[in-house]
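Shown here is one chain on its own, the form predicted alone, set out as structure tokens.
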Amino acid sequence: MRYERGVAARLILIETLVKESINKVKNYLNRLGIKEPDNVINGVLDNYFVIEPVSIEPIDIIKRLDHMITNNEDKFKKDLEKFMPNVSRHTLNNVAVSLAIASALFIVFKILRHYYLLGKKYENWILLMQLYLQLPQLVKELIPYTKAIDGVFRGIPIGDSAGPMVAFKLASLSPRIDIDEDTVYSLINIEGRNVYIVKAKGPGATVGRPGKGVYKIAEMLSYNIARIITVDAALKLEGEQSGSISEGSGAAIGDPGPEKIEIERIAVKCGAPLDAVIIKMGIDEAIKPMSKEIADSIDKAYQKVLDIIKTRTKPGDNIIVAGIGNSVGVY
């Protein structure tokens, strides 16, 4: 009974977070002049999911996964466009991300409620005890998601915008050229090197398709790429300093696989070293409006990328820098 009551109390708190996030989205839709916002929200909360492709036969599994993810995203945004045909693409992306946050909270609540009711139904005190012990941590991790919605609506960069902000600092006022859906690139010259900077198209909330962008630029240059540098936010370990910078090898990108493997394949095909520059932060910092510690680290990551370009490449080289992350508030 003690475990059951403890779990029930925390589930009520999580349900409150879900309702709060839904109300925030509803108020935003009302401000946009969207009629019947409840229909928009109810039509999204539990209706979009991706079933993983068959993995027992791994041939072309990445292509199949990419196809399913892309189709799901396209369907989601096209359905939103039916309710709000006159809003800009950036606003549509902001609405889509806020709805995705509310939907994620709702799904987590349903799963936790499922195990709670199973424990009660079969009088499984061990299952209830496990939930009782895990829920305090889960609640603390879920609270920032509700706060993140406010930042998305206001167009404020979040922690995960660190990669795009480094790309913005590199590209400065250079033209943004569309390379794929919600993805742009800029071309600059750094001491004789041709640097192609890829990022999600801001200032709307989207992560774009950086892997596809890198692939198309490499194809455009006949795979004559000397180096590929990826910059992204990364989760820190407890005890590590927020905003600390680390450098390694590989593709710094946290997607289910399709975008990351595109970058890895291009690096192998071009014979180009693949560098990863990461900006460390907690999971709550990644989704909330950017903290001062993370903002201060942008210049350090920028200098790290410049150092890699100047010391590990030579004049005349073609280099790709991909600023990975959510471009909310970042042009």
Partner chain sequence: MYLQIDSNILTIILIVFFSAILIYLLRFGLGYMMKRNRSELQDQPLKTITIASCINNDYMLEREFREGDFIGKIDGLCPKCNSNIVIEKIYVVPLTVKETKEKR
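Numbering follows the first chain given and starts at 1. These numbers come from a predicted model, not from an experiment.
One more form of this protein should be noted, the form predicted in complex with the partner chain, which is absent from this view; the next part is about it.
> Within 4.5 Å of the partner chain in the predicted bound form, counting heavy atoms only, one of 120-128, 184-192, 157-165, 225-233 shows up; tell me which.
One stretch meets the cut-off, namely 157-165.
> When you measure heavy atoms, are P289, A295 and V330 every one within 4.5 angstroms of the partner chain in the predicted bound form?
Heavy-atom distance to the partner chain in the predicted bound form: all three under 4.5 Å.
> Is E36 close enough to the partner chain in the predicted bound form to count, meaning some heavy atom within 4.5 Å?
So E36 does not count as contacting the partner chain.
> Please run the contact check for I111 against the partner chain in the predicted bound form: heavy atoms, 4.5 angstroms, yes or no?
Contact check for I111: no, nothing within 4.5 Å of the partner chain in the predicted bound form.
> Given that the partner chain is not shown alongside this chain, does D299 nevertheless sit within 4.5 Å of it in the predicted bound form, heavy atom to heavy atom?
Answer yes; at least one heavy atom of D299 falls within 4.5 Å of the partner chain in the predicted bound form.
> May I ask you to check whether R10 falls inside a 4.5 Å heavy atom distance of the partner chain in the predicted bound form?
Judged by the heavy-atom cut-off of 4.5 Å, R10 is in contact with the partner chain in the predicted bound form.
> Though the partner chain is not shown, can you say which of L133, M220, I177, L173 has a heavy atom within 4.5 Å of it in the predicted bound form?
Checking each option against the partner chain in the predicted bound form, the one that comes within 4.5 Å is L173.
> Just to be sure I understand the contacts: of K147, R89, K216, K77, which is the one whose heavy atoms reach within 4.5 angstroms of the partner chain in the predicted bound form?
Among K147, R89, K216, K77, a heavy atom within 4.5 Å of the partner chain in the predicted bound form occurs only for K147.
> Let me know which residues along 219-253 have a heavy atom within 4.5 Å of the partner chain in the predicted bound form, or say none if there are none.
None of them.
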